[in-house]
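One chain follows as structure tokens, the form predicted alone.
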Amino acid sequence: MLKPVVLPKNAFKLFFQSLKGLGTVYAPVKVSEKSYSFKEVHSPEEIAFEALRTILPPKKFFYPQEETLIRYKNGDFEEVQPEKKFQVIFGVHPCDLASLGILDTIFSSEPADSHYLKRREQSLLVGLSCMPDKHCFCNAMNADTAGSAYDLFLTDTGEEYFIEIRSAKGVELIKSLAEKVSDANPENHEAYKEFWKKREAAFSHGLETENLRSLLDLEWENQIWDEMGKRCLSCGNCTPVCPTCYCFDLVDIAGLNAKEGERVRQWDSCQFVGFAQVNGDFNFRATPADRLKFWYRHKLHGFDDAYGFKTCVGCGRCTESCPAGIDDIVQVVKILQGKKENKHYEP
């Protein structure tokens, strides 16, 4: 990482114009009384700096909900390449940056996903500091700092932004603001450290994650899974909002003349009834309880062996989006650990 700089907040408008000069800028925008979404913005006034979590995570910019991969016509096949469009994603919080680092690892593993990687190359990620609410537990999942999946990261220290620079693209943008930024001095560094100390103290979840790998195995038959399964709607809400869920389905859509068509990739969910169903009408995970256990294991244990990390980043989106009120990972883990009595599971 290069030497950090500071940007006065009264110069943010110029910073934003520099971002716009690179390509289309997306940032959190308020879309309802309680909801925020990453949308294209044309001025700083449109940005919801107070946004804590967006409805969908920034994975949607690199791994779209639906995209055509192949088109065919009269026996000829053509791979459809991603649109060449540079994009700037502003206001990405640490947990979402951590999730993109996870997806980078997964999608770059052989066979690499060229569509995802091309979109990542054609982007600039600008992180932004935040303060946690009651649903946040990113620090328990080692996802509470910016990590490396960003170009610039801004920490709000009051009258200034403390900017960490991670990439060559970030260096070039800061150079364009040479007259407005200055090297961070010891006072700036103290303000930076003070913010992150205050942020760490604001977490209230009390979650400990040291034993998750063995816990999920030992508690595979815990009654909580059946209790949650009885309430689960199998709606799949928890997976599109998860910043690291990447399950998909491939659909071949034929033209009416049967001579042309396309192969489309669409987001899918392991919580859908038919996700694990195969020929012979056999379903590997036939009940909601089976599917919930699979999802929890995937988030908290499944990738430890292969990659050495968990795929839950503690963003709290699944908890907020679950209509049945059962996707509270913190409370479920505490029950499995024996730290909370479970007469009937209540988040």
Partner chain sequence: MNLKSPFLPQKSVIRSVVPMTHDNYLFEFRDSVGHFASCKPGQFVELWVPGVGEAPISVCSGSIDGNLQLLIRKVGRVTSALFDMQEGDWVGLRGPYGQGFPVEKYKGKDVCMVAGGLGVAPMRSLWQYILDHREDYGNLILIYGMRHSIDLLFRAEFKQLLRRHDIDVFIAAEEIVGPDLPPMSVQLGRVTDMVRLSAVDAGYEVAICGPPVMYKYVVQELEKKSVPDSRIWLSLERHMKCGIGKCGHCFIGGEFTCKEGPVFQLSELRMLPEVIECEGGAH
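Numbering follows the first chain given and starts at 1. This is a predicted model, so every value here is computed, not measured.
Keep in mind that the form predicted together with the partner chain is not shown, yet the notes after this line are about it.
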Please check if Ile106 has a heavy atom lying within 4.5 Å of any heavy atom of the partner chain in the predicted bound form. yes
Contact with the partner chain in the predicted bound form for His298, defined as at least one heavy atom pair within 4.5 Å: yes or no? yes
My question is simply whether Asp290 lines the interface with the partner chain in the predicted bound form - judged by any non-hydrogen atom within 4.5 Å. yes
So, Pro111 and the partner chain: in the predicted bound form, are they within 4.5 Å at any heavy atom pair? yes
In the predicted bound form, do Ile47, Ala191 and Trp196 all put a heavy atom within 4.5 Å of the partner chain? no
By the heavy atom within 4.5 Å rule, which residue out of Leu233, Val273, Met131, Ala254 makes contact with the partner chain in the predicted bound form? Ala254
Among Glu210, Glu121, Glu187, Glu83, which has any heavy atom within 4.5 Å of the partner chain in the predicted bound form? Glu121
Taking the partner as it appears in the predicted bound form, which of 136-144, 242-250, 159-167, 90-98 has residues with heavy atoms within 4.5 Å of the partner chain? 242-250
Looking in the predicted bound form, the residues of 258-282 with a heavy atom no more than 4.5 Å from the partner chain, listed in order, are Arg263, Arg265, Asp268, Phe275, Gln277, Val278, Asn279, Gly280, Asp281, Phe282
